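Let's start with one chain on its own, the form predicted on its own, as structure tokens.
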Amino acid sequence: MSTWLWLIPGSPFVGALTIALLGGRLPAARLPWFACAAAGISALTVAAAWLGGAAQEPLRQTLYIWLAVDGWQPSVGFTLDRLALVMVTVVSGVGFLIHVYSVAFMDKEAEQRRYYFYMNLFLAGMLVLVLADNLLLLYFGWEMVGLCSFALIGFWYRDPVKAAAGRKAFTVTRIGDTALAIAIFLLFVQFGTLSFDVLFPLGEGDWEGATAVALLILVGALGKSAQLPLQVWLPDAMAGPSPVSALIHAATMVTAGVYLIARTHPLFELAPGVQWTVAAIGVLTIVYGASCALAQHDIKRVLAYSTVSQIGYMFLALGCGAYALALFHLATHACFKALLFLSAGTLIHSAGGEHHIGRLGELNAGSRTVQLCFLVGAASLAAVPFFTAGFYSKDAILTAAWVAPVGGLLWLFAALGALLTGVYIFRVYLTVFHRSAEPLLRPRGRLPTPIAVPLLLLAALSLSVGFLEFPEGSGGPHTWSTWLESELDLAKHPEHHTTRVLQALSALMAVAGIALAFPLVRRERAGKSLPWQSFLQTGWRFDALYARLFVQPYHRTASALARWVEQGLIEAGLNGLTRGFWVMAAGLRRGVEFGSVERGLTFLVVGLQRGHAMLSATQNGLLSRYAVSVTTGTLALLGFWLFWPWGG
């Protein structure tokens, strides 16, 4: 089985390459299904890995040595251990369902070739990130998903708002990407390797640089996973198509930071202060995201802030050392949040692009299937006790927080987030689907099969995935959180009676949150707004703060520098040179009649003037032309440097 590991990321990568090179020759109706087949082969290979024993023993494959520099030979190699197995199952499985959903959702889109190219390429990059057996290859996948995310968020780039959302996501995540790159450099300088198998045993002893490297990795994770203070890009990223929101911003890319910390957890254990910071950021983000979701009227922005909050639970688990529970909640969250995004996308599509939850309720656009699927997703997100997957994963994290240092405070913040989660998601459900003058369930037209099947499968997983068990030799079946703990070996558990009390309190929070949603909806229908409505709706005004601190000073500085370069250097220099030649020509004219010399100088001056005019004409503000000019100049310089010795 290990010889086929390359198929997991390789299949969608080949799919993307084929769409790019030969997509124009494929019939338009078959192109979406070709992309689905590429994603499906990846998911089938993961299923075969489960059957082939990857749940018991890691599978490894080295394709080739990437490069060799002074004894350092990083490879293009993959490792499928239990941690990676959970992630590739989520990424390939949910990714395949979202590809199928896109067939009907994007069928009227004119630029499907570009859409499916980036969807396949994103899936390949995410799978490379997860399977990589060294940090260099992981970073390659990390950057690939960042690039594809930028392209997919700004897919409708002709709309300036959507194009700006893509640029914002790319810019903010660059902060984290830069920090991660510096961390990789420091690790290589210290240990001379980037292989996971070699690196982290070296890091088990005392190392004074562990805190700095762990902090840098944390910043990288914060950027990708949209956690405080780098969370501002995710709500605006809802500008992309709904399947993109489901794939990138619910199930895959935003969880890359969680996977990164879990994969590098030995470093964080060497820096307990940084690990505590992970937990603190997690609980603050839980409350931040949940409180902001309460005040949103755009259905996708509610789900975006919900994603920010739910990833906060994963960071809380990571900070408490419960890495297995973080992966457990990652998997359940991928199912119910993808279900919610796809259900919301179907609603928006059937309502002609309407996003406002109040108007969606008035339009009465939801079919019975969509309503039931959204209800299942909402119940699992709110952690309705005992029959939803979200309850088991979230309750386990609350329990782990209780036994951590200052666990009472962590638990209190996390429990408040659980209460607010029930309020905001059932506020959306009641506003959109439950009108007092109409029955709760209303039949509508039949959904297309490519939309209905992924919704129903994700709904089933949102209810059942918390009950999965795995064989563990003679020890009998294990829940998959304990199955993961056997490899990560870090979670602490309170006494049995304490666990029961905490579970009851967690269930009470979920039920209380749902109950509070009813008076909140009645209050909004009466025209009354929430306290601090504007503050919460603008995401605690983080965008305004960052604009004042960073964006506006940057624009002022860049504009001043551009004016100085254009006017002070280019224009002044050319004008001075031109005037100098005119003076020289005039002097020669008054002195001796030089004939051809004078005419030559006059021709030179006229040429300089025309060159100056042409240079000024190139300052047209078109970034694409600037890029062509820079690229052409770079190639010319490289060609001169490479071939000049031969010409000499």
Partner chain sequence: MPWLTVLIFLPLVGGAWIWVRANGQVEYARRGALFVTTVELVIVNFVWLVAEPGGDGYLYIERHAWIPAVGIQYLLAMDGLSLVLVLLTALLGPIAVLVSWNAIQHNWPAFAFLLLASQAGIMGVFLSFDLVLFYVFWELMLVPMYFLVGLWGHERRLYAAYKFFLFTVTGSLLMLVAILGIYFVHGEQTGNNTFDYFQLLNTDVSGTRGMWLMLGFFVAFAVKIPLFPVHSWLPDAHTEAPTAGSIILAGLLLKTGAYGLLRFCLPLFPEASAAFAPVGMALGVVGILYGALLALVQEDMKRLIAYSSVSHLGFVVFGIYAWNLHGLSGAVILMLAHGVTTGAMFALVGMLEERSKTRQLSEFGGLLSPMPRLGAFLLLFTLSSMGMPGLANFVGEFLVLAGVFQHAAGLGVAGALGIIFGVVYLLWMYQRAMLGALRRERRWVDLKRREMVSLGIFAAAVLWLGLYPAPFLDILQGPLGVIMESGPHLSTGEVSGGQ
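What you see is a predicted model; the values in this text were computed from it and never measured. Numbering follows the first chain given and starts at 1.
Below: the form predicted in complex with its partner chain, not depicted.
Proximity to its partner chain in the predicted complex, taken as heavy atoms within 4.5 Å, picks out 186-194 from the listed stretches 186-194, 122-130, 285-293, 377-385. Contact annotation for the candidate site: Ala104, Leu228 and Ile248 all lie away from its partner chain in the predicted complex (no heavy atom within 4.5 Å). Out of the listed residues Ala280, Ile348, Met144, Ala415, Met144 is the one that sits within 4.5 Å of its partner chain in the predicted complex by at least one heavy atom.
Proximity to its partner chain in the predicted complex, defined as a heavy atom within 4.5 Å, singles out one entry of Ala544, Leu508, Ala562, Val453, which is Ala562. Shown alone here, Lys108 lies farther than 4.5 Å from its partner chain in the predicted complex, counting heavy atoms only. Using a 4.5 angstroms limit between non-hydrogen atoms, His497 is distant from its partner chain in the predicted complex.
Not displayed here, its partner chain is approached by Arg167 to within 4.5 Å at the level of heavy atoms in the predicted complex. Although the partner is absent here, Gly527 sits far enough away that none of its heavy atoms falls within 4.5 Å of its partner chain in the predicted complex. Residues Leu136, Tyr139, Phe140, Glu143, Met144, Leu147, Phe150, Tyr157, Arg158, Pro160 of 136-162 are found to place at least one heavy atom within 4.5 Å of its partner chain in the predicted complex.
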